[in-house]
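Only one chain comes next, encoded as structure tokens, the form predicted alone.
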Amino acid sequence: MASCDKRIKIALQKSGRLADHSLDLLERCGLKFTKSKDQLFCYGENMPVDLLLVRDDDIPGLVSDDVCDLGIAGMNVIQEKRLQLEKQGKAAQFEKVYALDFGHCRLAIATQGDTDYTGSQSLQNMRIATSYTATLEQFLREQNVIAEIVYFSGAVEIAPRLGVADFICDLVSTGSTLAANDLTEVQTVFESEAVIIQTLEPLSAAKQKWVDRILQRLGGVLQVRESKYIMLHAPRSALREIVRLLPGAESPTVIPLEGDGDRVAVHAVCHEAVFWETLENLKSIGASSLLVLPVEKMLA
């Protein structure tokens, strides 16, 4: 087997809302890489992992065709590709293996501000512009609605102003683009976030071992993204209340303080945000020497 065949290939978005997050996530998993001059390929220096930087809608196809072993993309893109393949009588040769909890958005229907919308039946016999034709088609079928789907790539939000559609179906994150074009979101079609997909083709034992290691590290990074390590001193009698106040904490470590039989040191990992109010509440029940530290990595 050629040495290049022993390396894991991961397809990532080369630019856009998921690109920087995806690269940062892999760097935090310990991957060090060198970018090619054309900025389309990253060679892993310390792991047998190479990154292909491509268009987001190419990622599911590259994984399904076994060109890449893994891909990071939005579920909106993955769902669209899956449905397109089904229309061709084919099965997608990939599966979702991990949700990454970033890149949250939704595929939504929007219309001009003065249009009355009372539910999906308001779409009956209307024209809807979208680049997500397969996903919209499935939604309309589930809603028992017949409408004309107008394929529109690029700036879908201008379709109503051009008179080519009555509604649009497009990705929405903050809603600012809709507002700027006097459009109002009226219905969610599909909720999306960034995920990792893996080819269904069996990997060699060596490759699968590295894939498992990468996924384990991803879990460790994502688990502690909002986590904090809290250390404090407190009366032993306040332990029950302290545990209640620590946000998202597992059982804390309790250590006796030398020479003080009534007070203990408490160490805990909190998996939720720690606010000033949390520290003030802890202090009010006798805690002192409170220290909050970020958690960079953790393996359960």
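Every value quoted in this text rests on a predicted model; they were computed, and no experiment measured them. From 1 onward, residues are counted along the sequence shown.
Only in words, not in the display: the form predicted together with a small molecule, which the text now covers.
In the predicted complex, the small molecule lies within 4.5 Å of some heavy atom of Val172. Using a 4.5 Å cutoff between non-hydrogen atoms, Arg17 counts as a contact of the small molecule in the predicted complex. The small molecule is not drawn, but in the predicted complex it has a heavy atom within 4.5 Å of Arg55.
Mapping the unseen interface onto this chain, Arg213 falls outside it, with no heavy atom inside 4.5 Å of the small molecule in the predicted complex. Proximity to the small molecule in the predicted complex, defined as a heavy atom within 4.5 Å, singles out one entry of Lys209, Lys87, His104, Lys96, which is His104. A heavy atom within 4.5 Å of the small molecule in the predicted complex is found for one listed residue only; from Thr111, Thr199, Asn76, Ser227, this is Asn76. Just one listed stretch, out of 56-64, 251-259, 32-40, 268-276, contacts the small molecule in the predicted complex at the 4.5 Å heavy atom level, and that stretch is 56-64.
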